[in-house]
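Heads up, the chain below is alone and in the form predicted on its own; it's given as structure tokens.
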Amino acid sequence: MKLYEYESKTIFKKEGILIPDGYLASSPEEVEKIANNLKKEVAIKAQILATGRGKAGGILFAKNPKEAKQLANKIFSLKIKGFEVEKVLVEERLYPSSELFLGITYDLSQKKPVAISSSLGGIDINEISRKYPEKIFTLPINMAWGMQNYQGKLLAKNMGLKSKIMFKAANIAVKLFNIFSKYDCDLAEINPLILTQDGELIAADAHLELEQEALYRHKELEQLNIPIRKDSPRIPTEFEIEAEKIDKIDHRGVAGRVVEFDGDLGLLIGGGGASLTIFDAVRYHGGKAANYCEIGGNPTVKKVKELTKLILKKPGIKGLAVITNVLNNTRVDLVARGVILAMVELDINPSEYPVLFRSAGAYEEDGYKILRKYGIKYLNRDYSIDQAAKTAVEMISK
């Protein structure tokens, strides 16, 4: 789960990392009031769950409250990468003597956290790695031991820091790693870490991403006014929101990880990475999917039924394809019962409606027996995913 900058800074402040003096605002009038109270030049920063806001005009600087209100009007009118700006962070403007980079992420190849530091902060780390790879220092960290002080000093030294400033930066690096570990982060980043004229190190920006599957462990987020939410690169559609509600009917199985498209073939697909293969196969054979949907882990009949009803009621739907991988632990009979029950409740005749099953795995013979009873066409494990996708596309093209 990605956090907004102000949420990340709430955690930073709690864990002892210096942040600029600032407050959240929801209107230009609030921005003016905050700027007046701060009695300093301010930075006005759009709060969105996407990168690149600076280049899009989402960060502006004002010399006085009147100008702050005018610039806030501009920021609130923006739409950045599909996100409307609903809140801004108003902070005292910092004038750095240098801008640094400090981050912790998880390296899948090494199967351990990796700390990264650079003397070039304030720009995207990927851009730094392309143009100035020699300016990036990486250091693997043993999760069992955590980051040691000497490792923090190595990171600080490779930012070009010396003397007391190096010790301060090392301390921040250790604190950042502790945040990474304590909050089950996938990413913890300060970019830029500002070195001020008077020798202070302040996190001018903050970026935390928390592991979605570990959020249940972090009840403390509620105390920090950080709500649990699902990440999305865009605002979810009503169709997607309804699908998510279906998945939350109970804890058993997955039936609701849905992305909406404007096609005419409804999909119930599963089998880990096979769901992506199935989706691609449908497109390859000229089909237009109405949705991407992953099912698995033995969702209940009720969850499958409600999800099927949601898909079948989508405008423009011409047919339904239920395709899963052969190596699949989801019971075929439960999926068959859920799909048929949905059709019955919608007054759809299963034997006449364009629906195709290619589902193999647990209880597949029981599932096939149910499908035969209701006259639904199915392909057994002798048919490949590609063949099933092609058959489904041809089914609604007739």
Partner chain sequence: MSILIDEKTKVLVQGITGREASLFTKYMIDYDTNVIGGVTPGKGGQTVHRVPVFDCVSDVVKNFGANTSIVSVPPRFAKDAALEAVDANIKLIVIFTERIPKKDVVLILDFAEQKNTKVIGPNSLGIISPGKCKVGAIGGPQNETKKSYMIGPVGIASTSGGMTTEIASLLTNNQIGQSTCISVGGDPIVGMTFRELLPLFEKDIQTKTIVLFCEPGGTQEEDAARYIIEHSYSKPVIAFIGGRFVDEMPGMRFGHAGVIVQKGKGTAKGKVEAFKKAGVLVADTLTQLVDYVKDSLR
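Under this definition, the rigid core comprises the largest set of C-alpha atoms superposing within 1.5 Å between the forms. This one's a predicted model, so the numbers in the text were calculated from it and none came from an experiment. Numbering follows the first chain given and starts at 1.
The protein also exists as the form predicted together with the partner chain; that form is not presented, and the subsequent description refers to it.
Visitor: Only one of these stretches, 310 to 318, 96 to 104, 82 to 90, 143 to 151, has heavy atoms within 4.5 Å of the partner chain in the model of the complex; which one is it?
Guide: Result for this chain: 143 to 151.
Visitor: So in the model of the complex, does any heavy atom of residue 117 sit within 4.5 Å of the partner chain?
Guide: No, residue 117 sits far enough from the partner chain in the model of the complex that none of its heavy atoms falls within 4.5 Å.
Visitor: Decide whether residue 186 counts as a contact residue for the partner chain in the model of the complex under a heavy atom distance cut-off of 4.5 Å.
Guide: Answer yes; at least one heavy atom of residue 186 falls within 4.5 Å of the partner chain in the model of the complex.
Visitor: Is residue 362 one of the residues lying within 4.5 Å of the partner chain in the model of the complex, judged by heavy atom distances?
Guide: Taking the distances in the model of the complex, the answer for residue 362 is yes, it comes within 4.5 Å of the partner chain.
Visitor: Check whether residue 292 has any heavy atom within 4.5 Å of a heavy atom of the partner chain in the model of the complex, and answer yes or no.
Guide: Flag for residue 292 set to yes.
Visitor: Looking at 139, 246, 274, 194 here, can you tell me which has any non-hydrogen atom within 4.5 angstroms of the partner chain in the model of the complex?
Guide: The residue from 139, 246, 274, 194 that makes the contact is 274.
Visitor: With the partner chain left out of view, choose which of 351, 329, 27, 37 has a non-hydrogen atom within 4.5 angstroms of it in the model of the complex.
Guide: Among 351, 329, 27, 37, a heavy atom within 4.5 Å of the partner chain in the model of the complex occurs only for 329.
Visitor: Who in 370 to 398 is close to the partner chain in the model of the complex, meaning a heavy atom within 4.5 Å?
Guide: Heavy-atom contacts to the partner chain in the model of the complex: 381, 382, 384, 385, 386.
Visitor: Is residue 364 one of the residues whose C-alpha moves 2 Å or more between this form and the one not shown after the core fit?
Guide: Shift of 2 Å or more: yes.
Visitor: Cα of residue 262 displaced 2 Å or more between this form and the one not shown, core superposed?
Guide: Superposed on the core, residue 262 moves its C-alpha 2 Å or more between this form and the one not shown.
Visitor: Hey, does residue 278 budge by 2 Å or more at the Cα between this form and the one not shown once the core is superposed?
Guide: Where the cores coincide, residue 278 still shows a C-alpha shift between this form and the one not shown that is 2 Å or more.
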